[in-house]
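Taking the form predicted alone, here's one chain by itself in structure tokens.
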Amino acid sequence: MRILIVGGGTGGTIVANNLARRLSKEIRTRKARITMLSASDQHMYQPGLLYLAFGQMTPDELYRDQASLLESSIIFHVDPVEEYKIEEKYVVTKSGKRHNYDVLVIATGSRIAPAQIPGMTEGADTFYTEESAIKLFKKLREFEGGTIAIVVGVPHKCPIAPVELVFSLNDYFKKRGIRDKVHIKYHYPIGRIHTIENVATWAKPEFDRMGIEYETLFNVEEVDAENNVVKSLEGTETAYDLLIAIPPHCGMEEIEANNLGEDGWIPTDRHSLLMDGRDDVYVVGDTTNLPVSKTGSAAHFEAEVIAENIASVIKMGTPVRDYDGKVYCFIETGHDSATYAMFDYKNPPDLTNPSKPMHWFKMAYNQMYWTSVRGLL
């Protein structure tokens, strides 16, 4: 059984390691083989980028060698896939090599697409890449007062990120002693301040307490970088001194180029995590078109289901689990407190009051993540 995993992020890595342990006997007897193809030899802890933007982490803390995170029985190549021949059950990589498979797991993730909005690339800062997070950190250090506008494109990775950004900005400028000189205005594209109703209900009084101005039904039309103005499709506009954007995201270009899914999102069965119309192609993490958060925790829970089902199909001829939409998100509510949201397809999150112990649990998880992607946590 040839199992091919494309993508070395959270979802792909957990699937690979989980399978390697479940199929250790089959791998030793050469009845199974696991191969991973990745675009990079490095693995990034993406939630750390927000900490990087506030000087709470350094770039080197975000990375590990991908090979060091994989079980030794996994065949690993840095050679990204460019062609998917789903009907013929093989892929072709950048180097021109062909990899045949019996089971394919696509875990290619997502990418920011600020160019979808005129002026956003030139006029807005963000923290979704190492380079942009460092640039934002330098600007925040130099900021002495004025209006910081936050705008949100959709869809985007980590739906809690805009709320965490607001709390972090509030604390950052309080600690610098200039919070009274900084006006923070938050814009959100729907009729409340977060897409998850319970999160919006919880966050609104917190924003009021911190003195955050907010405008809902603000879908970004363009950023006028010359005049420092961001305009909405609804006809309103906000002048700013610093604009921080949560940029819209797309799936990877290769997914769209191979006609696997519009905008790079692959149509995926919400329970089996199989690509629609296929029984040999699984999709995990950001690559899916599922109505769940594009977060590492969603990828983690999905990966466990996929690995268990592939192993059980090999051993027993049938899958044994369904994915229930489970997501667990930490929510940083400043630099020394946090809460969390846990929910699934049927149950909305029920948020608890922020606390310092939850913040330290989150900080501990920043280190435990590396154990998590090994599939040991």
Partner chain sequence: MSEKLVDARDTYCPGPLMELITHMKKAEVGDVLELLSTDEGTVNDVPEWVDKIGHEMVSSEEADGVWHLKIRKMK
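A quick note: this is a predicted structure, and the numbers were derived from the prediction, not measured. Numbering follows the first chain given and starts at 1.
Note that the form predicted in complex with its partner chain isn't included here; everything after this is about it.
Undergrad: Could you work out which of H183, R111, R270, K174 is the residue within 4.5 angstroms of its partner chain in the predicted complex, going by heavy atoms?
TA: When its partner chain is considered in the predicted complex, the option within 4.5 Å is R270.
Undergrad: Among E131, D208, E83, E234, which has any heavy atom within 4.5 Å of its partner chain in the predicted complex?
TA: That would be E234.
Undergrad: Within 4.5 Å of its partner chain in the predicted complex - does that hold for a heavy atom of every one of Q42, E122 and G251?
TA: Zero of three within 4.5 Å in the predicted complex.
Undergrad: Is R192 near its partner chain? Define near as a heavy atom within 4.5 Å, in the predicted complex.
TA: R192: contacts its partner chain in the predicted complex.
Undergrad: At 4.5 Å between heavy atoms, is P159 in contact with its partner chain in the predicted complex?
TA: Contact check for P159: yes, within 4.5 Å of its partner chain in the predicted complex.
Undergrad: Could you confirm whether A239 comes within 4.5 Å of its partner chain in the predicted complex, counting heavy atoms only?
TA: Taking the distances in the predicted complex, the answer for A239 is no, it never comes within 4.5 Å of its partner chain.
Undergrad: At the 4.5 Å heavy atom threshold, is S297 in contact with its partner chain in the predicted complex?
TA: Flag for S297 set to no.
Undergrad: Select, from the options 29 to 37, 311 to 319, 57 to 65, 338 to 346, the stretch whose residues sit within 4.5 angstroms of its partner chain in the predicted complex by heavy atom distance.
TA: Stretch 338 to 346 is the one.
Undergrad: Going by its partner chain in the predicted complex, which residues of 256 to 276 come within 4.5 Å of it through any heavy atom?
TA: Heavy-atom contacts to its partner chain in the predicted complex: E262, D263, R270.
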